[in-house]
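One chain comes next, on its own, written as structure tokens: the form predicted on its own.
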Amino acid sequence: MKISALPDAELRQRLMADGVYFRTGTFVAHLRTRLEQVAASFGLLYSDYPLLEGPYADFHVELAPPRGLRRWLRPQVDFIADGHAPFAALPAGQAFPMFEWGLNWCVSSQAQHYLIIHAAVVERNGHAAILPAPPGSGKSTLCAALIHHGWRLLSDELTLIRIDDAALVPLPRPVSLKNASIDVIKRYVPHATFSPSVTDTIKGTVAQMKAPSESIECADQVAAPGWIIFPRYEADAALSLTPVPRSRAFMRVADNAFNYTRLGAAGFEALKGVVAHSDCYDLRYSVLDEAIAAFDRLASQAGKR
């Protein structure tokens, strides 16, 4: 049963009362909130996720106004995980982006049985392309375009690497877009579903794009490593795909890991397994069609390596 099976009124009633349990990738999350904007965006973007019965969940989260007079003078919102608020309150209008950021924090801080990389990851023909990149590099923009042109979304933000065999574990959640990339992707993928844009966040204007239903349905299918691609958008740049030595790629990916040092030898072996089975490149692009064509050429050659 999917969340979309619940009528809007029942979804809101459940969110306000005992909360809603749902599966996202390999995790079960439990959300409670009385905030209308969170309920509306959750119903819009999570409609295709499996609805579960409680009370077990990996993460119990709530979005709620802080207590005290401030809730009336200057409306704010707290993200509460397992009864504690790990972050400072944000303006109430940023409640849904805070839910997404908070859920990322839950995974990255608690799922220590995976090596976790700050990177998008997409899959085609059974092989995954990992896209580590700093904010502003065009990673999410490229990811959003790829997953509507034949590539499966494993994750936009958190690449989960299984320690035992270096397989890539899906965590298909909404793609987070910022500033100019929001309108770029709305024009490029006009049939996609987007949350309302929220302005003046610490990341500028943000909006989330719904994950393709096919990616959510395949959330139990891991992928083998295939490529590590460091993307960078540069206005008016000609497309270039430059090989990167595996030794250098290893260090660059490790620098983007949340828990590489904490995992010690296990993290080293997992990352070594991924890099050993990946071709590594720097990608410069300015035109999405050209970048997607480059990815498609790599995918078509995957069985010939």
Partner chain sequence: MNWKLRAGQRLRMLPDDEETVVYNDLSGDTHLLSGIAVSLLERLQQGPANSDTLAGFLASEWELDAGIVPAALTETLLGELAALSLIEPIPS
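Residue numbers count along the first chain shown, from 1. Values in this document were obtained by computation on a predicted structure and should not be read as measured data.
Below: the form predicted in complex with the partner chain, not depicted.
**Q** Determine which one of 26-34, 264-272, 39-47, 54-62 lies within 4.5 Å of the partner chain in the predicted complex, judging by heavy atom distances; exactly one does.
**A** Every other range fails; the passing one is 264-272.
**Q** Closest heavy atom of F258 to the partner chain in the predicted complex, within 4.5 Å or not?
**A** No - in the predicted complex, heavy atoms of F258 and the partner chain never come within 4.5 Å of each other.
**Q** Looking at the partner-bound form in the predicted complex, is S247 within 4.5 Å of the partner chain by any heavy atom?
**A** Although the partner chain is absent here, S247 would touch it in the predicted complex, with heavy atoms inside 4.5 Å.
**Q** Look up in the predicted complex whether M251 has a non-hydrogen atom within 4.5 angstroms of the partner chain, and give yes or no.
**A** Yes, M251 sits close enough to the partner chain in the predicted complex that at least one of its heavy atoms falls within 4.5 Å.
**Q** Taking the shortest heavy atom distance, is A276 within 4.5 Å of the partner chain in the predicted complex?
**A** Contact with the partner chain, yes.
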